[in-house]
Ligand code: 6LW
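Below you will find one chain, with nothing else, as structure tokens; this is the form predicted alone, and questions on how it binds or moves follow later.
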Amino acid sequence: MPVQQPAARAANPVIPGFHPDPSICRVGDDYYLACSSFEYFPGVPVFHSRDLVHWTQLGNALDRPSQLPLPAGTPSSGGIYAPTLRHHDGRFWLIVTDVSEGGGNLIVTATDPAGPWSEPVRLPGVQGIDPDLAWEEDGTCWCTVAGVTQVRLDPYTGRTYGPPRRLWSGTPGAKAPEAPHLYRIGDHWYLLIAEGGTERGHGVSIARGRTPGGPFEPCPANPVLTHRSTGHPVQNTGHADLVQAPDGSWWMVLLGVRPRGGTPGWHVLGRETFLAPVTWDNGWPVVGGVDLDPAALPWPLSPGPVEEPRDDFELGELRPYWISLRDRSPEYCTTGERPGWLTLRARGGSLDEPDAVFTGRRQQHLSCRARTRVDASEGRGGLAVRLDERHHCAIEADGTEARVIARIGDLRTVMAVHPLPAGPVVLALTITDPPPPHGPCTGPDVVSLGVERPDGTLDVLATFDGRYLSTEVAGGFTGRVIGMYAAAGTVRFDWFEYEPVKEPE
């Protein structure tokens, strides 16, 4: 399914919503990009584009339990960390870290990035997160990880050769040198890293050397990209990867966030994928602005189709943008039990539990609306906005009444209760700007939850301050996911609809 973008124009973020740690490669006229996915299954979404602006999700690289056996106790913001996606010798290579128990670094490969991807090759000799792959002309493969260290690797078998060697690790005193990517450009090997941590101090720095192992000379203008201590609407910029555009110019994909509200600012969608231009000066990259509305690009755009807002669950399997918590067993989540419906069967007692049965999609717009038609005659469940087990809100039905439930840290409360007629019911939520007046304590948005009448009128039962579903409150590395869940028995969903909402001028 395509990521919604206005036709024939560029806009940042190019992949909005919780799509962090982008890694990109070019094959002919086609571009492919992968992101981290943490505790969600399937893992590592893979996208395709012809113009670096309009992206369509092809699938997920880790879409089988044999590839991604996340334990039930995997904490939120655990699981799958940052991938690197490369194309070499006629094959796509994806290397990634599973930080859950029994995980580690692994490689999967494919001849078609839409899949299927191979079973993992485990890498016990590669220690560290954010692994990168780079090949010399003679086929020697180097794996570089956060820290920054490097080891020679046989990517076919997972065997390493010799001890890891330490490389240039960024600006002296800067924390968290990570997200290394190694490139051969011209006569030099360039080592691109993130540093400063993935919060407001995030940045991108680079060094170059004559060999993959250095010694490396740092760029005198480091960091080549950071928005720290600025009022720019995009913050936390870092974790970048380089690519050449169709016209031969250079560009950078990177993660960033869009804080909103008063102080300190709250970002709710997670870390998103942005695009920035790159020029070269005396052999060093100069990164241009990470603009929300960039100037017209010097190559033709390929908008492609726009995603339909409603999923009627008429396919034999869920579309690739749907993600579930830690696993997706057909015993608990299936479209095959009642044709045209998604059936969820409860396992945990609520969204507070790590084994909750929840299937959702990333919130991708600052203002949006989500609706679903629910048959809860055999159970209890509903529609939720989730950040983690301790931060979520939901409108829940059990066949006789609806209730709005909020969880903020250690506090859990029922905000409203409303009687329901017999039969399926439409549950809905909207996420909009907070009403005026606005001040230093104003939150980023407001979540309104309710039940629709047969004529489509929404009876709002409760509203919720969106700051409590933000990373600045909850912590972690993910963003909001909106979706359906079952808390008891069997709950069936006829359709799910998600669409952006245009705020009044």
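What you see is a predicted model, and the numbers here were worked out from it, not measured in a lab. In this text, residue numbers run from 1 along the sequence as written.
The form predicted together with the ligand exists for this protein as well; it is not shown, and the discussion that follows is about that form.
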#### Entry: in the model of the complex, segment of 81-89, 315-323, 159-167, 277-285 with a heavy atom within 4.5 Å of the ligand
81-89
### Message
Against the ligand in the model of the complex, would Thr432 count as a contact residue? Criterion: heavy atoms within 4.5 Å.
### Response
no
### the ligand contact in the model of the complex: Leu301, any heavy atom under 4.5 Å
no
### Task
Answer yes if any heavy atom of Phe464 is within 4.5 Å of a heavy atom of the ligand in the model of the complex; otherwise answer no.
no
### Message
Residue-level contact is defined here as any heavy atom of the residue lying within 4.5 Å of the ligand in the model of the complex; does Asp130 satisfy this criterion?
### Response
yes
### Query
Among Asp241, Glu178, Glu272, Glu396, which has at least one heavy atom within 4.5 Å of the ligand in the model of the complex?
Glu178
### Summary
Note: exactly one of Asn222, Thr334, Thr359, Thr198 sits with a heavy atom within 4.5 Å of the ligand in the model of the complex, namely Thr198
### Task
Taking the ligand as it sits in the model of the complex, which residues of 463-501 have a non-hydrogen atom within 4.5 Å of it? Please list them.
Phe477
